[in-house]
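So this first bit is one chain, no partners, the form predicted alone, shown in structure tokens.
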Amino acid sequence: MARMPDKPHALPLARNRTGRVVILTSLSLLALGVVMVHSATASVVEPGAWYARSTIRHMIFAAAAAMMLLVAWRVDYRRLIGGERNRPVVAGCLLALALICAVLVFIPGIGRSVGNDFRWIRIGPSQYKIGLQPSELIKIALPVFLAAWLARAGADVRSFRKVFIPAMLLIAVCVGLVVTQDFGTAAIIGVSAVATLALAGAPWQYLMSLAAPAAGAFYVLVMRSPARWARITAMMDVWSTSNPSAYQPRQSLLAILTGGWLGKGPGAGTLKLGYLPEDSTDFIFSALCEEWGFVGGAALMGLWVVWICSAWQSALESGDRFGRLLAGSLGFMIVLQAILHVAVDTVALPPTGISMPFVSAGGTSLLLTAAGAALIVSVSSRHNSPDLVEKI
């Protein structure tokens, strides 16, 4: 019997329905984001050159993310784990780069503060206002590495000493570098990493043992922090006038409620006129509901339902363990962020600075989310059956 070639093969998009749906829904979300970011910031006067305007930057990054999605899916995801022993060298290098960038944030002169938190590394001249957010790199790189590491030849995911403990130490390092500056992103990183272990088949008793450390971390980082605890109490009473932290969730809720069923119309929102903070990032769902109403919000959630179903189908159809773990973990991470964003905007959770994937303004987030979606499409386009593949 003839041996299949080792060169990367892929189904073309014309024969890959799952991949087409992921790409089309992602592009639809990107287009919606361009419209909403432009609407949310239309009333804000931004001095300086044209390239320093947030709307222009967002359009450029959205176009780059679309190009990333349309081109990067052709790269075989199996290149992240190669060699005869399937060592995750490439995935490990990506994670190492993300960790190095996360450390550089704390170095004076390199890291840039936003709201008294050092989250960014400045790239290029300051007038361009372009930066790199290392936490976004870790958010993508960690699930990719864990999927590659757990799928390697000879990996025993049920081993407590050889797999679970090293994985927990790595997750602790990644979360620890982010949590003091960006609690919401750190929570997404930790939960997504644990979900990757669950998808790989780690015993549930191991995963349940994390409940006590998680509760301890919540007590230290939230209950012992006056600012974060004030957000918890604000969530329970958004109409409080004595708690300054209630302002954001109150304005978010007002934007959603005043939108009604059909909204005020595109560009006609009034809460964005200096009343709703972070209306182009953390609260863009509220801004959308004010202008497009319940129907617009439901349509957005419908797009996300289609997206996650397609991502999950990509994982189920994968012909190898690494593909299943990669598509499943990345799909879970991206949708978890979308769910948390909506939960914050509807005051089901306290404000945590979580943006809406593909939709909210942000260059690093857009590009890396598009890269994650491209990997999911890459998984959906590769199968083991020789009669289903053809060279790109």
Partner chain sequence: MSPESSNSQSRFERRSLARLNFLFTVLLLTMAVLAVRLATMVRRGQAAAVRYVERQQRMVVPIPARPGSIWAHSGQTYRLLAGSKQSPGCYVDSALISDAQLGPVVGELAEAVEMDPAAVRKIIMARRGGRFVWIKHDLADAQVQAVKSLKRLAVGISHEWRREYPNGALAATVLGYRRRNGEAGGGLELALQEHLAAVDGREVMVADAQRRPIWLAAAETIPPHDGDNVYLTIDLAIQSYLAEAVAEAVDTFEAKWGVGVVVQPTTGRILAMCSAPSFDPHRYQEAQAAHRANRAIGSPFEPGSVAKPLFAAVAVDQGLANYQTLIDCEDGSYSARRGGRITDHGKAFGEMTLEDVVVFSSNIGMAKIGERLGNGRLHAAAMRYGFGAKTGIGLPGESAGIVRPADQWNGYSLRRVPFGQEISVSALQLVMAFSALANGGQLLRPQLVDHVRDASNQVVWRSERQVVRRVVSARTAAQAVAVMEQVVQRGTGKACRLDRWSSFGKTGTGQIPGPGGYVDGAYTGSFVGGAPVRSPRVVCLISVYWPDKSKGYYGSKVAAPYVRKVLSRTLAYLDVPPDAPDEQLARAR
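Residue numbers count along the first chain shown, from 1. It should be emphasised that the depicted structure is a prediction, and the values quoted were computed from it without experimental measurement.
What follows is about the form predicted together with the partner chain, which we do not show.
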Would you mind picking the one in 160, 219, 229, 275 that has a heavy atom within 4.5 Å of the partner chain in the model of the complex? 275
Using a 4.5 Å heavy atom cut-off, which residue among 342, 367, 27, 34 comes into contact with the partner chain in the model of the complex? 342
Heavy atoms within 4.5 Å of the partner chain in the model of the complex: does residue 312 have any? yes
Quick check on residue 106: any heavy atom within 4.5 Å of the partner chain in the model of the complex? no
Does the partner chain come within 4.5 Å of any heavy atom of residue 102 in the model of the complex? no
Even though the partner chain is not shown here, does residue 256 get within 4.5 Å of it in the model of the complex, heavy atoms only? yes
Here the chain appears without its partner; judged in the model of the complex, the stretch of 133-141, 284-292, 166-174, 180-188 with heavy atoms within 4.5 Å of the partner chain is 284-292
Contacts with the partner chain in the model of the complex - residues in 311-334 whose heavy atoms fall within 4.5 Å: 311, 312, 315, 316, 321, 324, 328, 331, 332
